[in-house]
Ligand SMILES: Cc1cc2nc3c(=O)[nH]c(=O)nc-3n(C[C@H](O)[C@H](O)[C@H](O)COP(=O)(O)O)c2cc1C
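The chain that follows stands alone, in the form predicted on its own, written as structure tokens.
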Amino acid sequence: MRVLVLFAHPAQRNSSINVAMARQAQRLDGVTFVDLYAEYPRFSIDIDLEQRRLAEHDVIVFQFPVFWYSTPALLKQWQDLVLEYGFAYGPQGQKLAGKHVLASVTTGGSFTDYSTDGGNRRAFEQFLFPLEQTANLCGMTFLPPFVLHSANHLNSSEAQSHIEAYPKLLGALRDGTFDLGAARKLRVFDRTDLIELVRD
């Protein structure tokens, strides 16, 4: 499948893991990588270009750090402008139907923080419901998110393991070796789950 990665990180100077993941994605053949903050530093989004990109790809990957339980501001604006009536939804707006959406996200909070007993009081996937429902309204399949918790507190080995898992995930999506059926049974998944989700 044709894979499009839309990378949205407004504070790249302070990020090691997301930037390293982005570099891995950029190197992959058959994967289109777009750094939204580099392309639109003034938030002046080229709607026609972005809609063409969406139409030309089968899998849309949103890569971002969770900011205040949501997407970074530019990614939200991208959704507001690009996924317009008559293109992404509505009687004549079925241009994205049948495509897949995957969120590749990092959080500062731990796995236990994102639980009913944790500080955030809800499971992590509940915070992505607006993105999931947007995909559903547009006729796309929302896959469970690929998550790295406690991104600011990992040792170098753990961080590197996640960074190296990312191109494996993207390559499997591209090559059709990612088990979509098995993935849909999960709430979220991480690098350890790829052993079961990527077929040889």
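Everything numeric here is computed off the predicted structure, so don't read it as measured data. One-based numbering along the sequence shown.
The same protein also has a form predicted in complex with the named molecule, omitted here; what follows describes it.
Contact check at 4.5 Å (heavy atoms) against the named molecule in the predicted bound form: all three of Trp68, Gly109 and Tyr114 pass.
Here the chain stands alone, but in the predicted bound form its contact with the named molecule, taken as any heavy atom within 4.5 Å, falls in 147-155 among 171-179, 53-61, 29-37, 147-155. Not displayed here, the named molecule is kept clear of Thr192 by more than 4.5 Å at the level of heavy atoms in the predicted bound form.
Interface membership of Ser16, defined by any non-hydrogen atom within 4.5 Å of the named molecule in the predicted bound form, is confirmed. In the predicted bound form, the named molecule lies beyond 4.5 angstroms of every heavy atom of every residue of 85-104.
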